[in-house]
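The form predicted alone is given below as one chain in structure tokens.
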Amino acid sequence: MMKKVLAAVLVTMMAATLLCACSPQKNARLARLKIGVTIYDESDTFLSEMVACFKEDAEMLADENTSVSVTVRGAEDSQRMQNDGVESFIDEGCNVLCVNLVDRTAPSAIIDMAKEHNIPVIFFNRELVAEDLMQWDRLYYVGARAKQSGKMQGELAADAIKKDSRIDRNNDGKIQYVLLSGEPGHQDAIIRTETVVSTLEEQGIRLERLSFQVANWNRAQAQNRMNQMIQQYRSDIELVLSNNDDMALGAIDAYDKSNVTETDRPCVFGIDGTAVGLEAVKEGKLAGTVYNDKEGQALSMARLALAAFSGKGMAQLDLEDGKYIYLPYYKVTAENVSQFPMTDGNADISLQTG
């Protein structure tokens, strides 16, 4: 009897030993993808929404063989701080980097660090110079074409002016406008500014620019700039064109705190389609915006990160020139705003892009 008991105990111990031996081997096969994300400024509404989508998508795409963790850091609009942050990501073992450059003309330090450690880099939202992206075969870009957003904003404004003669309040046949620009030298700010004006003129709208103000994508700065313009021009401003929604909403904030009546306020147009921007369109405060597909960009970036890490699935991503993924913009008005995601980003967008 004792022999049978000892035999049973021996079998149990052997089985436990085998299980303990197998478990570490299984865990050893688990690939750990650590993604470091750095953005130029955490206060940027569009980027905050996009990165939130990206984190969800990256975790969703993980399978039983891959664990995914995402760490996000802001650079406080300092390229030096961003470079230091990337170095920290590498020291912490990140094996994919996602970089929203502070200065699109200064990616060299980040590229050199990535090359030295063989870590792929996905630049996003701020498109670096093409020659820089060609420095290495593990550099990529995800974003949208700025010219399309400026063109769509111009078309939205032209349509509104043609449909409503009251926008030209002084009936002089011209639209007196002001423009709120993103930071100086930023390619999206430059292209959106040039394209929206040229599109309006191509649509037969006669324009008179009263003022051009830089507000660095920031709502509070835009409110301050708009306060100054209201004091100078009062009810002469008939149209406000803004490079993004935050600055457009800053202009509206300024009017809300002024004594300018509703009938003397201008039409205001933004770009990005942030949650607060879409809500303002729905409420009739913002005449229109151009939706920058943060959900599509986030999902594309997550898929690219996993493919670059695993070496599988790159062919299915349909990269332009093996480097680029561009997502289209969409026009947003009061008539179709309900089709766009105002909170969770899960709405199905199937609208025209022209």
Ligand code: BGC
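Start at 1 and count along the sequence shown; that's the residue number. Just so it is clear, the model here is predicted, and its values are computed rather than measured.
There is also a form predicted in complex with the named molecule; it is not shown, and the following applies to it.
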To verify the annotation, which of these, Leu47, Leu286, Leu304, Ala298, has a non-hydrogen atom within 4.5 Å of the named molecule in the model of the complex? Leu47
Can you tell me if Glu238 lies within 4.5 angstroms of the named molecule in the model of the complex, counting non-hydrogen atoms only? no
Closest heavy atom of Asn125 to the named molecule in the model of the complex, within 4.5 Å or not? yes
Hey, in the model of the complex, is His186 touching the named molecule, heavy atoms inside 4.5 Å? yes
Asn292 within 4.5 Å of the named molecule in the model of the complex, heavy atoms: yes
Counting only non-hydrogen atoms, the one stretch of 55 to 63, 37 to 45, 307 to 315, 320 to 328 within 4.5 angstroms of the named molecule in the model of the complex is 37 to 45
